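Next comes just one chain, in structure tokens: the form predicted on its own.
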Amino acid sequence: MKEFQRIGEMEYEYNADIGLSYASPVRGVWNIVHIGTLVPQAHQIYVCPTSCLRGVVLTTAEMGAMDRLSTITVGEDNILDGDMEEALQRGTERIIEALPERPRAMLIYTSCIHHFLAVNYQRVYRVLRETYPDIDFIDCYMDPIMRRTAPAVPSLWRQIHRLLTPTQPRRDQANLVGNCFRYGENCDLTALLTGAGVRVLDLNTCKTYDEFLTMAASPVNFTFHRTAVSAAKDMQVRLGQAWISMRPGYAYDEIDADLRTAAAFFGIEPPSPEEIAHQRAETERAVERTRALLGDTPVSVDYTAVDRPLELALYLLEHGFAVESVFVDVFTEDRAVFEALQTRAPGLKIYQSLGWNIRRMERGHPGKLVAIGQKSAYFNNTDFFVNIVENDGMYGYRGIRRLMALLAEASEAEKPMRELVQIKGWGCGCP
């Protein structure tokens, strides 16, 4: 079995989740520890066996945030004695009393063993809420056995936002939900809303817990990532907030349609035809400058950098870039994008970054190759790469122009790839 397939020979129903997999040393994508630490003035508690706690503690230590996390070890004695609920309650109480400052919220992560033993942790949380009414407790989960039916990251985004409770809505603010990075100057949606006087709130920009709680008053939640869908649906039901899903792609018509939808919700003016023409022209000029700089230099894209790697590959190919490969483990994009790539570039290589046979890949490359994303950089063994994860706050025309600037920079300046890709939770600016 080859470590890659040509897209022209593939079926749209593709998923690399085939059992035995390869774990590369690329660690930039955020995990639940990084995301949980975004909640200001909150404390995380992980309740797990020692082997599970090791990774959690190392992640937190790398972040320099050990004061934001505590652990409760689950041992064989807890299983034999049947005191899992008591261990959870008493351990949490001891942690709270030992903390130098009372947290506003406690994120308590139970693990697989609690599901196996049908632990009644909700009863424990009820007792804790009665004992500490000044602290908000929320149940979180570190249970990889549920990764197909309830993946950890979407679940955590939902649980974090369950700290928000119904309140009087206000029409002059909006939430951006489920983002590791701030959507600011490189986001067309933020520019549209702030330009019309709408306050934009996002967990990763909230400095205090009270500021985070004001997100409950927003009439609408905007999402950019599939991992935020569960949170948005939950808030739609619990808080009555509308949900608008933005499409983080590279099709100009989709960008314009999304912005019109956002403008219509708030009753503000959408971008005018003149403004759209200006944005498109500026973007095309930026793309052409970068294409001329790269020339025939091969480009490789991966899914850890952007949510829509196939659509980005198609966009670059349509603009004259020499895209040679995409690293992606499951197709989640529109079939039309897949079929367009089959027609335009049937020889495009699709690599399974998790596939066991990726270890056989010839990681060297004749000449220079520029990668967009850490996995494509690692597997192609190139120091010329765009070092981003999770879209890095880029959306719309402004986002495309920012990506072109990063791509141009990457083609000219080498980075210490082997060092950078091993940094866990790249760009985590958690308080």
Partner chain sequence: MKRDYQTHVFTSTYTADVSGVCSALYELGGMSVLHDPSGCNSTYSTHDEPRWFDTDSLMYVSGLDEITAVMGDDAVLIRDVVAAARDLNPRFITLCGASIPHIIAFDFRGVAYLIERECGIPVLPVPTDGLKSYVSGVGLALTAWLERFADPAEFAAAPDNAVNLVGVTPLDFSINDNVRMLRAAFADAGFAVNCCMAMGDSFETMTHAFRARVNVVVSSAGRRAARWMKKQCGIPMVEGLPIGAAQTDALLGAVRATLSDGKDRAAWGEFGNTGRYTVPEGGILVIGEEVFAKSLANAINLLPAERRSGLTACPLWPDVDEGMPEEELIAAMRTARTVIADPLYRVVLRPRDGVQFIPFPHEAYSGRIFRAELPAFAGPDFSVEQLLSGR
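Numbering follows the first chain given and starts at 1. Here the structure is a predicted model, which is why all the values come from computation and not from measurement.
We do not show the form predicted in complex with its partner chain, though everything after this point is about it.
Residue contact check for Ile79: one or more of its heavy atoms lie within 4.5 Å of its partner chain in the model of the complex. Using a 4.5 Å cutoff between non-hydrogen atoms, Val57 counts as a contact of its partner chain in the model of the complex. Put simply, Phe338 is far from its partner chain in the model of the complex: not one heavy atom of it is within 4.5 Å. Its partner chain in the model of the complex is approached by Gly75, whose closest heavy atom lies within 4.5 angstroms of it. Contact check for Arg27, Glu62 and Cys112: all three have a heavy atom within 4.5 Å of its partner chain in the model of the complex. The listed set Arg94, Arg238, Lys207, Arg289 contains one residue whose heavy atoms approach its partner chain in the model of the complex to within 4.5 Å, identified as Arg94. Interface residue among Trp243, Tyr121, Phe266, Trp356, judged by heavy atoms within 4.5 Å of its partner chain in the model of the complex: Trp356.
Checking 218-226, 250-258, 157-165, 79-87 against its partner chain in the model of the complex, the stretch whose residues place heavy atoms within 4.5 Å of it is 79-87.
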